Ligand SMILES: Nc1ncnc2c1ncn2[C@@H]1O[C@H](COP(=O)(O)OP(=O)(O)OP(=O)(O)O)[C@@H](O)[C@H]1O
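A single chain, nothing else alongside it, follows as structure tokens in the form predicted alone.
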Amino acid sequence: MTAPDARPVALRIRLPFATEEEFVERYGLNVARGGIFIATRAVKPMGTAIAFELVLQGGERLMRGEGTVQQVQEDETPGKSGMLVRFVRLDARSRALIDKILAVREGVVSPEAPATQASPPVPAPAPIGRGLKPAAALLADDVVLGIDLGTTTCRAAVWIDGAPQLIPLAGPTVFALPSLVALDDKGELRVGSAAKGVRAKRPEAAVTGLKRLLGQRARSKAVQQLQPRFPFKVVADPDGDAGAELAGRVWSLPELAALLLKEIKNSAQNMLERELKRAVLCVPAWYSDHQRGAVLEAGRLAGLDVLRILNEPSAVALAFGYGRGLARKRLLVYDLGGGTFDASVVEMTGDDLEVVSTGGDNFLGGIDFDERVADALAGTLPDPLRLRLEESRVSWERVRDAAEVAKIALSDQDTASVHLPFAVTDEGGAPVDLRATVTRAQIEQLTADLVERTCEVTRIVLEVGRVNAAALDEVLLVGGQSRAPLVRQRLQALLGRPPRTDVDPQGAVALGAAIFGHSLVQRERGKAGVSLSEVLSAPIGVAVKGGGFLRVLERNTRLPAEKTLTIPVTDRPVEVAVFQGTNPRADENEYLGALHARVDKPGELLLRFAVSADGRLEVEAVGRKGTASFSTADASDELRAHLYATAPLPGEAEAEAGGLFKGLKRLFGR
């Protein structure tokens, strides 16, 4: 191999694509933020500096810039020869094209029409900067951001000139911010698209899918099972919740989520040319009290006054039905997003919403589908190469990205070709491509059980809410994964009616949150607004002798709600562990906190459980003299103390209670 020339080598390549859209769709997988694989037989030596220009079949310029050859592959097979070029500089048009390619890859826009449509009857978002009056002239005195903090992407909207409008978060036509935070090699945190370059080189320095872990206890079974699937190190933060270790420092997930919220807030302020402080934040309906508290903390750290935590299915129903004058319609909202799944039955009369029943799975979403496809792609390689690929975080992330692109393509076509240059190297260090053809039938076979899990949750929601499928007026599908044909087929078979396809699957949550935020402002001014009645997503109760779970507030209890529980006590200290979940075993549910109380004389202790309209819990204990309480809203040290670390009661109580639930002797047993 000859020594590389120090001067840039001019290289002009005519591509076999007639249009930019064709290039984006068919070649976009080979383009990254930091470089491109150029398929050509005229490869240059590694280290060569090149000044390149890529043009379409008709000669129209597509990309132009300078770069350095990082790797080469010479092969007589058509399409296999080429070189990996790392960008040094690009012109503005090329950078915009890369933004578009990445947006298409994330499912934010389509190659043909990179615009976002709102759900009827809400008007489509107006073009920004094209004759639109200054936002301050259109808006009322106060603006509330509606924010969808998603597992894979975030979106936001505001109410403008009589309608909700999505906010551009990465260029004028890109309405999604990747839910990604990364620590670069200079020790600086990067957010969204800027973090993708870090993730491509060092996946362990990038935090993805934080919505799944947000507000989860680090020692919980769910977190322990998920930990190997995250490229970063999941550790306990100072409060015992799941956190992320980056370069030796532990970050709490509310801290990292706050960076995403700040980025959204800044984009909205730039668009509206005014400071924004108020927001409605959306969460999965199945989020526990502790997870909702973590979202509130993220909002606080981002400098936002969070007016309300809104369940995502309720936001979708608002985006669909607000302003339509619906006459008592019963809607099923099926929300299968990037990392979570919710199903809710909502009754909507005019602009008033009443949730009938809700359920979900916080560990089921599009990334689980991607994982199945990625495993199948890796399985096309010989075992030694597959093992090498799986051991490399960088290689595995590239395969998972390719799997997502193929999965999305198969929502509209029957087959998809995957070509991942330099996917792995063999024992001799030679690069090996990953090539495969994936069919829709194969993906459906790989993921059928995941779709069935969503159907089972939906069945339970209908059963618990005593709702017959025939009584549903509409079925609304949202979330990026809901676009899969198998999802629509199975849901239609389950419910006996086709779901609606005219609801924006990715923007509806943010649009609904903006509508609700506007309604809150209207109510503050004494005007009519949306009436929303939510229900408790999962039972709340206490641990009892033997490890059982005594439910105090049942699932689907209408909120706000309050209930008092009376327990017998001695003159010794009392510790009551509070959990939320559906399992009859306390330790299989989510631990919310421990209430510590001392009663002067034997007798009774009254526990008052109060849940707010947006699902926040407060517990107060009242004895013969004085009170002892904890509130999940104030995040006190006493609340955060983990059950496993609490001191057992002395003497007889310790001996008789035993095991995990020491200190809970005879609270309910006789």
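Please read all numbers here as calculations on a predicted model, not as lab measurements. Residue indices: 1-based, along the sequence shown.
There is also a form predicted together with the ligand; it is not shown, and the following applies to it.
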State yes or no: in the model of the complex, is some non-hydrogen atom of N311 no more than 4.5 angstroms from a non-hydrogen atom of the ligand? no
Does at least one non-hydrogen atom of K265 fall within 4.5 angstroms of the ligand in the model of the complex? no
Flag Q506 as yes or no: does it have a non-hydrogen atom within 4.5 angstroms of any non-hydrogen atom of the ligand in the model of the complex? yes
With the cut-off set at 4.5 Å between non-hydrogen atoms, does G366 touch the ligand in the model of the complex? yes
From the candidate stretches 321-329, 463-471, 481-489, 415-423, select the single one in contact with the ligand in the model of the complex, where contact means a heavy atom within 4.5 Å. 481-489
Which residue, R292, K407, H518, R199, has a heavy atom that falls within 4.5 Å of the ligand in the model of the complex? K407
Could you work out which of Q216, Q73, S411, T173 is the residue within 4.5 angstroms of the ligand in the model of the complex, going by heavy atoms? S411
Can you name the residues of 180-203 that have a non-hydrogen atom within 4.5 angstroms of the ligand in the model of the complex? none
